[in-house]
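A single chain, nothing else alongside it, follows as structure tokens in the form predicted on its own.
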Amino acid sequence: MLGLILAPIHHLRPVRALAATLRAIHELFWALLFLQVFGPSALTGIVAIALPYTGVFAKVYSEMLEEADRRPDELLPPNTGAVVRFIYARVPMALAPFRIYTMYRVECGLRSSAVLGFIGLPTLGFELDTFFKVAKFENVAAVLIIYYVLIGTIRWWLRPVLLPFYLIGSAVLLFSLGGPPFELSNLLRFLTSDIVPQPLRNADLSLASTWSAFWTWLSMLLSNQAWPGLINTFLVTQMALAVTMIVAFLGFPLIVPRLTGKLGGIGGNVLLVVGRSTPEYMLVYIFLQMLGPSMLPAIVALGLHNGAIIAHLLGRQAEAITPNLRPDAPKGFNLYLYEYVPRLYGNFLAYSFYRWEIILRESAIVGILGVKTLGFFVDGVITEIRLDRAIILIGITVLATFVVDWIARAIRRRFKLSMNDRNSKERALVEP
């Protein structure tokens, strides 16, 4: 609802900046911050997911509204109010893409909810973490099976007619679960004291000594934590992007029956669905148990997850391509190499650069698991209840995300790369 409210005014620079900032901060970072206010309750998870998703919905809904047919709006009388125009002339024309993208975001929300369990909220991620720590691997398998069934059957249990019951039931459960009582004083302390840099708290801002102490404090934070974390985050990001591109390039033929046959296409589709449906954070956690603490588990997991997403999108586009039917037309590997690859290569690069900024966010957050990216240092200072330092480190993550996003968009413009039929892309993401 918040994203829909912001969508019509998303073209305003302050609103666009707000939405970009909200979605640049990973929901796990939001959860770590709001744990200090709401405790390990359902409310923490709701706020942590709602804030970045508001930024995402505001941007995507605004684009869908811009692309929708404007003729009904133009036919209304000139004195029609803006709210009436929006509700009766613009939203109805964008309802179909709204529905497709919202369904996709529900799946993303399920992944995010599961991941929040790794920081203490009682979701599936919490159960997975608990069973791994006590070496009950059969229970780990059971949790993963439950998760895949939940994701795989979303088309059947998420029906529009059932939404009112889900909303009412969720509200009842939210109040019945209870949890730590919310105190306004905690929120006020968080906003007015906890996130204020320590040298500036209760200090005279007119004194040069105050700002000298602040600069010393900031310099130490940047040199000891921010800079090493940023370097490691970029290293993981770039190597994960390379793995992503390899997985996508080699993986999309798996779901093209003309290349792998009908049976092979079914098996390949299952592999890609599992790869893209499993939260990247959960994959990193599993690979850390298998490969030990290093950057390698993060690189492999992020590459497999994002590569499966791009391979799925490219495979769906490849199915729509009609190959050359001449007697001397290529077949098998030559069909893949000389027919499909040249025609999909532009989209392949566009998708890869689009995922670059997302991989950076994911690379930062996996530091909570022990990989020394920015998330590692954010988690450390939050554990020490130094929220002022956490805000600075998270802000650096946001700036890095903006820089990578700007570079990726510049590259796409420079080489005229575009993700054709964005609505088809979103439809491919939500269909099994």
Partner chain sequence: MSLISLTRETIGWKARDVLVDIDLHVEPGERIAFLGRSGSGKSTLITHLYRRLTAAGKAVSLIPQDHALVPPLSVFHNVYMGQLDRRSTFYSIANLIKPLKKEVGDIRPILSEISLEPEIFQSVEKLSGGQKQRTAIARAFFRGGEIILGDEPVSAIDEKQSARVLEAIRSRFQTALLALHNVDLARTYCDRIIGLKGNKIVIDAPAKSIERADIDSLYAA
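Residue numbers count along the first chain shown, from 1. Keep in mind the model is a prediction, meaning the values are calculated, not measured.
The discussion below concerns the form predicted in complex with the partner chain, not included here.
Only one of 346, 257, 72, 228 comes within 4.5 Å of the partner chain in the predicted complex through a heavy atom, and that residue is 72. The partner is absent here, but in the predicted complex a heavy atom of 80, alone among 80, 238, 153, 210, sits within 4.5 Å of the partner chain. By the criterion of a heavy atom within 4.5 Å, residue 286 is excluded from the residues contacting the partner chain in the predicted complex. Under a 4.5 angstroms non-hydrogen atom cutoff, the partner chain in the predicted complex has residue 92 among its neighbouring residues. At the 4.5 Å threshold, heavy atoms of residue 88 reach the partner chain in the predicted complex. Taking the partner from elsewhere, residue 84 is found to have a heavy atom lying within 4.5 Å of the partner chain in the predicted complex. Residue heavy atoms within 4.5 Å of the partner chain in the predicted complex occur in exactly one stretch of 230 to 238, 353 to 361, 92 to 100, 263 to 271, and that stretch is 92 to 100.
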